[in-house]
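Before any questions on binding or motion, here is one chain by itself as structure tokens, the form predicted on its own.
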Amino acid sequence: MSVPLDRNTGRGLAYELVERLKARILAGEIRPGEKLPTESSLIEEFGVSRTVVREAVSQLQAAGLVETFQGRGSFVLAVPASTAFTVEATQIRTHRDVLDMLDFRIGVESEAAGLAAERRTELQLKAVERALVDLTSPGGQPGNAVEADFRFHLKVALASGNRFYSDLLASFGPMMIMLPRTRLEHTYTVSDATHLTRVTLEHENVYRAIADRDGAAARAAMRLHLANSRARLQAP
């Protein structure tokens, strides 16, 4: 008999169901090529809604653990070998490196935002919204603002439905937010109210476009935000 999902973690039922199913897959209880339990059986086993089940399966798809076929169900894929791409903070050594990182992010994250607008679920949109709320209320701690900023970008990447975007951003970690800040003049620090207001507005524009399912606007808003970050970095 299954152990009930923990409803008090604050991480959401879909997250808890993903972790439970992922554990079964990684333990070999559901082997590659085998079918996941049906929606109805998961609903009955874990006492959750159909929406939660579908969100969990969607996240497993994004993680590359299952593939879903219309009318046939979802099947477990072989666990991929680790091919992690990482950029250590020590590799970003010069001002040019920081600018190049932002150029790289502009290309990657603009498309991720566009896909997020076109593919996101309501639960994924809520996750982006929570990160935005955290960004606007960092509790007076610059480190909290950095973490919230990173979570926002990561949640957008997750909402794209393409695991390569989220894997890549996850490999960067919060350092992708912090590094540019270390090169900025004091007027552009994360603790500066004017700077934080400007950056928050740019994030809000990305969120609104994703909420409106406007892919073109989401791409443009993310590109503008990161281009502005680059311009602020170069400001005298």
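The first residue of the sequence shown is number 1, and the count goes up from there. The model shown is predicted, which means the values in this text are computed figures rather than measured ones. If you superpose the two forms and keep the largest set of C-alpha atoms that fall within 1.5 Å, you have the rigid core.
Form predicted in complex with another copy of the chain: not shown, discussed below.
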task: Verify the flagged residues Ser58, Asp97 and Gly161 against another copy of the chain in the predicted complex: is each one within 4.5 Å by a non-hydrogen atom?
output: yes
query: Does another copy of the chain come within 4.5 Å of any heavy atom of Arg119 in the predicted complex?
result: yes
message: in the predicted complex, does Val66 come within 4.5 Å of another copy of the chain, counting heavy atoms only?
response: no
field: Partner proximity in the predicted complex: Arg20 to another copy of the chain, non-hydrogen atom cutoff 4.5 Å
entry: no
message: Considering non-hydrogen atoms and a 4.5 Å limit, does another copy of the chain approach Leu168 in the predicted complex?
response: yes
The unique member of Leu123, Leu77, Val108, Val146 whose heavy atoms fall within 4.5 Å of another copy of the chain in the predicted complex: Val108
query: If you check Ala62, Ala209, Leu36, Leu42 against another copy of the chain in the predicted complex, which one has a heavy atom within 4.5 Å?
result: Ala62
query: Comparing between the shown form and the other one on the rigid core, is the C-alpha shift at Ser171 2 Å or larger?
result: no
- request: Verify the C-alpha shift of Val18 between the shown form and the other one: is it 2 Å or more after superposing the core?
  value: yes
query: Do you see a C-alpha shift of 2 Å or more at Asn205 between the shown form and the other one, with the core held fixed?
result: no
message: Since the Cα-Cα distance for Met222 and Leu60 shifts by 3 angstroms or more in the predicted complex, is it a contraction (closer) or an expansion (farther)?
response: farther
